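Let's start with one chain on its own, the form predicted on its own, as structure tokens.
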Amino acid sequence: MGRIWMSQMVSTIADLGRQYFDRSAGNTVLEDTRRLCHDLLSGRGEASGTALAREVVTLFREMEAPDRVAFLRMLNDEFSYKPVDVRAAATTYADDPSEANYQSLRRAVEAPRVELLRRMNMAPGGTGAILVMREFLLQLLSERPDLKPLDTDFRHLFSSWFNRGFLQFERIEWRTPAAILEKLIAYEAVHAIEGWDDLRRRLANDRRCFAFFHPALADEPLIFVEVALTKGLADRIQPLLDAPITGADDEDLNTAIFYSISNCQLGLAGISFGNLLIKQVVDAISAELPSIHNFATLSPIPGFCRWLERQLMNTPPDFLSKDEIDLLKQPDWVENEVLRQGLKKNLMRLCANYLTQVSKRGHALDPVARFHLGNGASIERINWAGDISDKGLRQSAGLMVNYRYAPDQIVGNHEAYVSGGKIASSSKVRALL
């Protein structure tokens, strides 16, 4: 309700400010948008500024792809900082490091587009539109690296707009408004939700779902995590998803399995919420259900097969025979259960090597591993035939992994991984090596 009320209030302010400007007849959408952006930066009152911001947002949403590209180029080029001003301000500050000169240097260093985006954010729906801008920008960066300065400014703003102090932690239940439940179905990125019946199962008494929201994005989750309450570690995803409902007060339930974490806003790529969410979920479940004292994931291994393909092309591990290498080079080997079973021992060994290796920068090779190890988890167990869906077979030959979050080891694991690239793993995983 708070998010909706705030949105309605901002919309009213924008309506009041429309009387202070007119859109020019005969101009292109981009020309109108450029003029409005300059007007918005010129420093008007709150009502007129909010109305201008809404017009810019509306025009952006109406743009076709070529105009959106031109709009982002305009932000990047026309609203950039001026190197000559930065040099002059830096020289002045170096000669006289006073507070006034420091503030002048700050103003010179910050590109005008940063303040422009702040003012655009005043519009009703402005935050969502700016997220769409960055989502569109991210699709261009590989071909347009010259736009990276604009992306840097987006990330800088988002790191403050979406810090933990502004996020709202909420449990999602079957009685949650349908508008939010529909978003869960749409945004689920790990294990697709097959309609309303499947969603209802995932929100049953032996399940939990938690999400972060932001006040400026009504009914739009930023990230959500799905949890299954089980007896011991789960090793396969399909039986976990299809299991009959068990009461949450069942005394045999002692483990919380994080089986899906989905980021919902593509425009927030690179802005991490997962570590905050996992820690808060652990606290919430511990407070509600004292019998749950084990916390672990059942996670995919999305980069394993790609890594294995590169290894076979470059330097195959010496513990693989020539026949095994030839089998693994066949394009459809993952779809053949008999072949996979014959390769089980070495596939498990290969996967353990993959998960425990680090790059030259000290990072785990697998993206999911990087996330959980960076948050203080350890690699507990690699599971054979954990996910035999088409996606699971293509990504990891059906393998899945449990990452364990032990409250008394999280800080030590995190520090060892971040500072020295050391990966915590169980004796079972080390034995595979």
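The structure displayed is predicted, hence computed values, not measured ones. Don't overthink the numbering: it's just position in the shown sequence, from 1.
The discussion below concerns the form predicted in complex with another copy of the chain, not included here.
- Partner contacts here mean any heavy atom within 4.5 Å of another copy of the chain in the model of the complex, and among 302 to 310, 276 to 284, 262 to 270, 330 to 338 they occur only in 276 to 284.
- In summary, among the residues 122, 204, 352, 140, the only one with a non-hydrogen atom within 4.5 Å of another copy of the chain in the model of the complex is 122.
- This chain appears without its partner; in the model of the complex, the one residue of 246, 356, 176, 255 with a heavy atom within 4.5 Å of another copy of the chain is 176.
- When contacts are defined as a non-hydrogen atom within 4.5 Å, none of 65, 326 and 389 contacts another copy of the chain in the model of the complex.
- The closest heavy atom approach of residue 219 to another copy of the chain in the model of the complex falls within 4.5 Å.
- With a 4.5 Å cutoff on heavy atoms, residue 153 counts as touching another copy of the chain in the model of the complex.
- At a distance threshold of 4.5 angstroms between non-hydrogen atoms, residue 192 is out of contact with another copy of the chain in the model of the complex.
- For the chain shown alone, residue 160 is a contact residue for another copy of the chain in the model of the complex, at least one non-hydrogen atom being within 4.5 angstroms.
- In the model of the complex, not one residue of 286 to 310 has a heavy atom within 4.5 Å of another copy of the chain.
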